[in-house]
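Starting off, we have a lone chain in the form predicted on its own, written out as structure tokens.
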Amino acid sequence: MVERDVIVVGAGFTGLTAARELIAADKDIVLLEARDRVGGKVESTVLSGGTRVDTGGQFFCRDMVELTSLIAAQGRKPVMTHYDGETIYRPPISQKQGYERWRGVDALRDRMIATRPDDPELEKLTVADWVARQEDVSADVRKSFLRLIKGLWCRSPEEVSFAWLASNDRRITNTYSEMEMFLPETVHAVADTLAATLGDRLKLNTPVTHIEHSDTSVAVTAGGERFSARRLVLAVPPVMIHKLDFAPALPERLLHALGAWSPGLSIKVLVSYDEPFWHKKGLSGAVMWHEPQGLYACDASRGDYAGQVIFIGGPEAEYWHKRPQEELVDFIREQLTAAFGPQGGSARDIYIRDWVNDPWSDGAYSDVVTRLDAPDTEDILREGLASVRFASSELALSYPGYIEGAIIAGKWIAHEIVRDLDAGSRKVNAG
């Protein structure tokens, strides 16, 4: 059995980036992916009209320099998301009221970011606990902030660790909207292009079933084959690592750190129309729902394709995951009719990608920390073991939970592994 330098598990943007960086450093690697495609939580499909769309991660902004540089290097050109015009609020409120509401949410978010990371009292709070303490903030703003948590972090605020969320949000530093632009040919196509450079180092349909590890090497059973290497990089979400079989079992501190995470609950709905009729009405296409909480829509039109994306997050996504899909389609039509009038309900096509309990990610957009007794979970996971290291967008030092964070995490872990292996080689040579 050939012993490689590194086995990388997971061909999302973290794994793809790590693999390419390791190859550039002249390391012998293999990249194992359970699915029949690359991209992880970034994927695409072709709608009935022939348009390819991202059914997973899609949007980004110019502040996300790793992703935008990668896109530019591939010769791809983003389009700007249409934001001209008024936002629709459900239930209806005026544009001024909507602006004031979200200005209050932004101020509350700034207050959260400004909390002291070393305040032990905050470690004991959920997000809902902390928001309830902000008695000088209006009830409407507090409710809107909680809606934001459901829609963006895709879990109930009564579950999410406040200390973790504050730390997470401090690392999301964009000044432009995170939904500023997208790729007409899909971000998933970027992952496909990265994968094409790996040749037979990439093995699809190869799910890992068992990992044996020592301080100096690893052996991985995957897809009926056995692979060995000096180091292993698990470039998959924490909740998926927690499901893997290790021999010997992982230390209790690592098991505790991995058990602190829960998957995001998210459904993405792509709605196609014959034309972007909302433009003629002076509307941006964006819809913000105060009720039901966890819904948001925005324009995704480009060229001759007219469409919107609706995101369903948190408890609302969990509810619809358990219902027949035709009921969700009817619900979406009802919501769009209420927002835009009869034209809203006349969608040509409604495509649903349910990420709840996804077999190889267990959720989207990101895992979140839902245990209050694991404040150092990220540090423990980044440290890993001598021969087994963990990397994912969730653990990124910048832009956690985004494609940008996945790329950053991939570069970081590749640098760590190269430094580790080269230091080991120097010791051997010196001996």
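Computed from a predicted structure; not experimentally measured. Counting begins at 1, following the sequence as shown.
Another form exists, predicted in complex with a small molecule; not displayed. Remarks below refer to it.
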Within 4.5 Å, heavy atoms only, one stretch in 163 to 171, 203 to 211, 328 to 336, 141 to 149 touches the small molecule in the model of the complex. Which? 203 to 211
Does the 4.5 Å heavy atom contact test between Trp153 and the small molecule in the model of the complex come out positive? no
Do Ala235 and the small molecule come within 4.5 Å of each other in the model of the complex, heavy atoms counted? yes
Applying a 4.5 Å heavy atom distance criterion, does His188 contact the small molecule in the model of the complex? no
Are any of the heavy atoms in Thr370 no more than 4.5 Å from a heavy atom of the small molecule in the model of the complex? no
Pick from Trp355, Trp278, Trp320, Trp261: which residue has any heavy atom within 4.5 angstroms of the small molecule in the model of the complex? Trp355
